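Just one chain follows, in the form predicted on its own, and it is written as structure tokens.
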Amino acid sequence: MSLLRIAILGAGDIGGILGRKWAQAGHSVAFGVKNSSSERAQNLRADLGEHILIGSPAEALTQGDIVLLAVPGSAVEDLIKTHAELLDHKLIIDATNQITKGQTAATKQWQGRGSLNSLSTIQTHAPHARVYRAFNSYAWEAFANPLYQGVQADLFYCGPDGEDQAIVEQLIAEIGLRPLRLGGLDKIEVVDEVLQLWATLALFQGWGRDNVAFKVLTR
């Protein structure tokens, strides 16, 4: 197992859960947040200890070779533009979704703002970054507990093959999910459509956020 240096931009439910699990796996984890004095940031500090960096996005990016984008979709463009130089040449995992989260759940109607992912923004401002799309198709509950009646859920992702693919799959497996690569970045819309399927069942049909995940069966 490779021990990695990970910068997590965002300390909400997704970033917090993934960061806690990766820190427990032995990785070096740094959180970049808007307000390091917030309740969420202080909860992370209490759980992970003083040796974990919780600072500005720039401070976190200097500590990480791998970046998890886990901020609200509306914040992504400004974040990437501001820190483009620090993001370039890094392995970036885009876990953000360009949706109006609360409205989608409340109205039971899809509130996407065009493309769900931030690939074009990343490629425009950090053209040398190696980008993967993962951790965007479930609510945080699936990452906290990836077993469904004793069955391990699958996580669909996409991105280039090679050494970085092995790293991304290691990180997915350490959360407790089985990684399933759908292909390169040309399959990013397919990955995004998994979120729409999940939302249709979990939110619109009322199955529950913590009750739905997917498993591919083969024979």
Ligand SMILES: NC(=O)c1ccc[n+]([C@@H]2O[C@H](COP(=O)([O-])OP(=O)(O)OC[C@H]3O[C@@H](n4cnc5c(N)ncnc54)[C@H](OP(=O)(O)O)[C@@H]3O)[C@@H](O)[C@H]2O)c1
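Numbers for residues come from their place in the sequence shown, where the first is 1. No experiment lies behind these values; they were computed from the predicted model shown.
Another form, the form predicted in complex with the ligand, is not on view; read the next lines as being about it.
Q: Sort through 69-77, 85-93, 120-128, 145-153 and report the only stretch with a non-hydrogen atom within 4.5 Å of the ligand in the model of the complex.
A: That would be 69-77.
Q: Verify the contact flag for residue 19: yes if a non-hydrogen atom of it lies within 4.5 Å of a non-hydrogen atom of the ligand in the model of the complex, no if not.
A: Looking in the model of the complex, residue contacts with the ligand do not include residue 19, since no heavy atom lies within 4.5 Å.
Q: Report whether the minimum heavy atom distance between residue 64 and the ligand in the model of the complex is within 4.5 Å.
A: Residue 64: no contact with the ligand in the model of the complex.
Q: Taking heavy atoms only, is residue 168 within 4.5 angstroms of the ligand in the model of the complex?
A: Flag for residue 168 set to no.
Q: Contact between residue 135 and the ligand in the model of the complex at 4.5 Å, heavy atoms?
A: Residue 135: contacts the ligand in the model of the complex.
Q: Using a 4.5 Å cut-off on any heavy atom, which residues of 3-30 would contact the ligand in the model of the complex?
A: Heavy-atom contacts within 4.5 Å come from 10, 11, 12, 13, 14, 15.
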